[in-house]
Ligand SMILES: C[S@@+](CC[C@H](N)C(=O)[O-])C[C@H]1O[C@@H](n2cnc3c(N)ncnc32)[C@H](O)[C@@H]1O
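Form predicted alone, single chain, as structure tokens, below.
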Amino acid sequence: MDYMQTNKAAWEEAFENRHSGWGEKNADMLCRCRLPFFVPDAARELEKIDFRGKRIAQFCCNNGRELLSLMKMGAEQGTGFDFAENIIGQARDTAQKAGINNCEFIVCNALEIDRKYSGGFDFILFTIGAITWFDDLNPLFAKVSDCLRSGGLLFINDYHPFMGMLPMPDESGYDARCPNRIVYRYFRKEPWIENNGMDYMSRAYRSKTFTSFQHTMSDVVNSVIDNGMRVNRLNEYDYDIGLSDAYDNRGLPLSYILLAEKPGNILTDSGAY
């Protein structure tokens, strides 16, 4: 898993090269808004879940803003896991500024989360781009299943695997005259290798190597099922949630929400799930 170490170094470098003020208004947003860092469809799905008194976690939590949003929904305890130490530092700082004292942030590879968290969570969250950093989803979702209590929920809001077929506007394969042009293979096996920084967070620069991986929708769904969870819902949307708006509202699958449950007692009191 050498790519994990190089990715850790690349993410920490990107944070050191972050745009001025990046992430520094998160605490203010948390205090002023309800679920400020989720798109409306994700917020509506999350509003159906009763988080009161629940123990929740986010794997690959970055600077923790989504997890901290959910803490405002009444969760008893939150835990965020990410391997980038300086980004976790911002998560802790945001929690302190927002007065959220019942949320911890742990520096670790998600595949190596301590066994003390086995069966420890009622809800686990993944947001955009998190699972792309793992070459094999089976050990990742095995860890999720191990960490969920019976009846616990897995919630994924991510860009759709179809997005991996489309060139971004800053890539040579993009043609604005033919915006639905497919350039890459859906069943791509070789990793994506990038050395241009992390554009949403940092300026462009010759960065350390980011290695990410293409997964199909069946890879995602089957890995969840194979690790003992039941898919309750899969919604697909024709808008992107973080890469580019160039393809929005053109009838292409660009993002999705997956909700799965580890069999046991139902998490919500309302009966919605």
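Residue numbers here begin at 1 and follow the sequence given. Given the structure is predicted, the values throughout are model-derived calculations rather than measurements.
Only in words, not in the display: the form predicted in complex with the named molecule, which the text now covers.
Q: Just checking whether residue 215 would be counted as a contact of the named molecule in the model of the complex - the rule being heavy atoms within 4.5 angstroms.
A: Judged by the heavy-atom cut-off of 4.5 Å, residue 215 is well away from the named molecule in the model of the complex.
Q: Look up in the model of the complex whether residue 54 has a non-hydrogen atom within 4.5 angstroms of the named molecule, and give yes or no.
A: Taking the distances in the model of the complex, the answer for residue 54 is no, it never comes within 4.5 Å of the named molecule.
Q: Just checking whether residue 77 would be counted as a contact of the named molecule in the model of the complex - the rule being heavy atoms within 4.5 angstroms.
A: Heavy-atom contact with the named molecule at 4.5 Å: absent for residue 77.
Q: In the model of the complex, does residue 108 come within 4.5 Å of the named molecule, counting heavy atoms only?
A: The answer is yes: residue 108 has a heavy atom within 4.5 Å of the named molecule.
Q: Just one of 142-150, 183-191, 126-134, 169-177 has heavy atoms within 4.5 Å of the named molecule in the model of the complex; which?
A: The contacting stretch is 126-134.
Q: Taking 4.5 Å between heavy atoms as the contact cutoff, choose which of 60, 229, 70, 220 touches the named molecule in the model of the complex.
A: Looking at 60, 229, 70, 220 one by one, just 60 meets the 4.5 Å heavy-atom criterion.
Q: Given that the named molecule is left out here, which of 163, 103, 87, 98 has a heavy atom within 4.5 Å of it in the model of the complex?
A: Result of the distance check: 87.
Q: Counting only heavy atoms, which residues in 195-221 are within 4.5 Å of the named molecule in the model of the complex?
A: The stretch touches the partner through 200 alone.
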